[in-house]
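Single chain ahead, by itself, as structure tokens, in the form predicted alone.
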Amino acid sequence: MVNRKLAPGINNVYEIDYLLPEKWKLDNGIDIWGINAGSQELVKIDFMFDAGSWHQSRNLVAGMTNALMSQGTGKYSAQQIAEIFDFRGAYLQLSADQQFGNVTILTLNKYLPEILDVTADVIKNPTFPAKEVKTQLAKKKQHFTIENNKVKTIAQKKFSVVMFGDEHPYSNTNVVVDYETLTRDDLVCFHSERYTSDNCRIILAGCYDRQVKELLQKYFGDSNWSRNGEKVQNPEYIIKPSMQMAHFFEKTDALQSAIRIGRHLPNRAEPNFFGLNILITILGGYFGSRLMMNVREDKGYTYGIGAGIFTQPNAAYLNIITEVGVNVCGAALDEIYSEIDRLQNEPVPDEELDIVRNYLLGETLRSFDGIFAMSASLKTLIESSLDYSHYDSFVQAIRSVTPAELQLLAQKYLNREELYQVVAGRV
């Protein structure tokens, strides 16, 4: 019998037991990473394109192009695409972020020929029906208008501009007129430039065999969707943060105030990233963090508060996020800075650090728990141009970091005068 009065033991994690992917190229040069594991005849395939907002010449183009690719192709209508996936229990997801446009499918192997046939047409030959473009823009505009009236949206948009400048693609500068002036031609042009074999990478995960490789070659290995050697210049941008550190955006009818606090930090490939990740976890990166225990549990100022390092291929930054009652906004800010000061002035107790070590090691293990988790971890490495030694180094950093090292990092990177503060609502 299990004695439920005793907590389960803690197993030390010394290394991550991950499965290294195989890598090959299609005839047209597309790189494929494959993780062959699992017992079920099921595969997940990610198609990654350099087609995020970094590459767009005007607002909304990258996201709308990606979202509308499945609304009709040369061979299939939007309804036919949906029915083919639904009938076979398959899954299609389209997404775009600041750097990449993604097409992801999940299907049983026996349906892969049919699913890849449709997916290839979605990627290569979307028609962007004018009526559907107009309808989707109207829906997005309505959603934007509603969301843009919320203090959390106002704060996050202003925070991105404060951190990066209003001309940087990592800033959210969308306005209503963008939805009114975007045209179908904008989408067609962006698709023809960015959704090509020259800009594509593929991640295959699941239980696959040679036939699956041959199907990928059949549907995506041809050169007909390349730019025939014509090079599309990747744009370069300069980060131009605000000279003013504290910003307030009043919303007179607000019941809550949204708070964002942060600064630029070293990216994944830089030496201090791992230590900072541990430090920010202590501050606000898990449910037992100092900000949660103070601002939520002790003071009751908010339902939730968190801090994290947000990474992109060309930037990384701290973002402390919360919404609090307007009557306690000033007090909540004081408590946030109090916890930051404490990290700078007092070493983290060994007992607390051990809790965070176990939490982070567990989360790292979880990121390799199962074939699809392995696929997501591999995707992170590819996006950041890193290899698996990145995870080995993180485990070593978690196990070896000292309270003194964390205190030095807090003193270097969490100085109050170097933190941007954005508040939207009322103070």
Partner chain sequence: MIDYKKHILKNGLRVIVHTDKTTPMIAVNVAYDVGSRDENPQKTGFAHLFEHLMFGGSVNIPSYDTPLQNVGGDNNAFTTNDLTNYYLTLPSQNIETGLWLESDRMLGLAFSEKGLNVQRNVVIEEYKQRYLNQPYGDVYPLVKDLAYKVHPYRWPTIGKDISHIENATLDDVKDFFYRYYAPNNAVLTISGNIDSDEAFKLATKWFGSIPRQDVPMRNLPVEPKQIDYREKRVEREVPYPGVYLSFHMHDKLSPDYYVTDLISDILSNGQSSRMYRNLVIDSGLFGELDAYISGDNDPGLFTVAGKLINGVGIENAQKKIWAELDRITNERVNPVELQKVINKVEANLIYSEINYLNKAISLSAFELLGDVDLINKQGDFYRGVDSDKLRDVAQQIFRKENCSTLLYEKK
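Numbering follows the first chain given and starts at 1. The structure presented is a predicted model; accordingly, all values stated were derived computationally and were not measured. Only the largest set of C-alpha atoms that superpose within 1.5 Å between the two forms is called the rigid core.
Just so it is clear, the following notes concern the form predicted in complex with the partner chain, a form of the same protein that is not shown.
Check your understanding: Contact between D121 and the partner chain in the predicted bound form at 4.5 Å, heavy atoms?
Key -> Close contact is absent here: in the predicted bound form, D121 is far from the partner chain, nothing within 4.5 Å, heavy atoms only.
Practice item. Check whether L255 has any heavy atom within 4.5 Å of a heavy atom of the partner chain in the predicted bound form, and answer yes or no. Key: The answer is yes: L255 has a heavy atom within 4.5 Å of the partner chain.
Exercise for review: State yes or no: in the predicted bound form, is some non-hydrogen atom of R210 no more than 4.5 angstroms from a non-hydrogen atom of the partner chain?
Suggested key: No, R210 is distant from the partner.
Point to revise | Close approach of R366 to the partner chain in the predicted bound form, 4.5 Å, heavy atom | key: Looking in the predicted bound form, residue contacts with the partner chain include R366, since a heavy atom lies within 4.5 Å.
Practice item. Go through 130-138, 337-345, 269-277, 163-171 and give me the stretch that gets within 4.5 Å of the partner chain in the predicted bound form, heavy atoms only. Key: In short, 130-138.
Exercise for review: Could you work out which of D185, E236, D354, E250 is the residue within 4.5 angstroms of the partner chain in the predicted bound form, going by heavy atoms?
Suggested key: Answer to the contact question: D354.
Practice item. Only one of V324, L112, A205, A307 comes within 4.5 Å of the partner chain in the predicted bound form by heavy atoms, so just point that one out. Key: Of the candidates V324, L112, A205, A307, V324 is the one lying within 4.5 Å of the partner chain in the predicted bound form.
**Study point:** Partner contacts in the predicted bound form for 9-24 (non-hydrogen atom within 4.5 angstroms of the partner chain)
**Key:** Those in contact are G9, I10, N11, N12, V13, Y14.
Practice item. Verify the C-alpha shift of L419 between the shown form and the other one: is it 2 Å or more after superposing the core? Key: No, because once the rigid core is superposed, the C-alpha of L419 moves less than 2 Å between the shown form and the other one.
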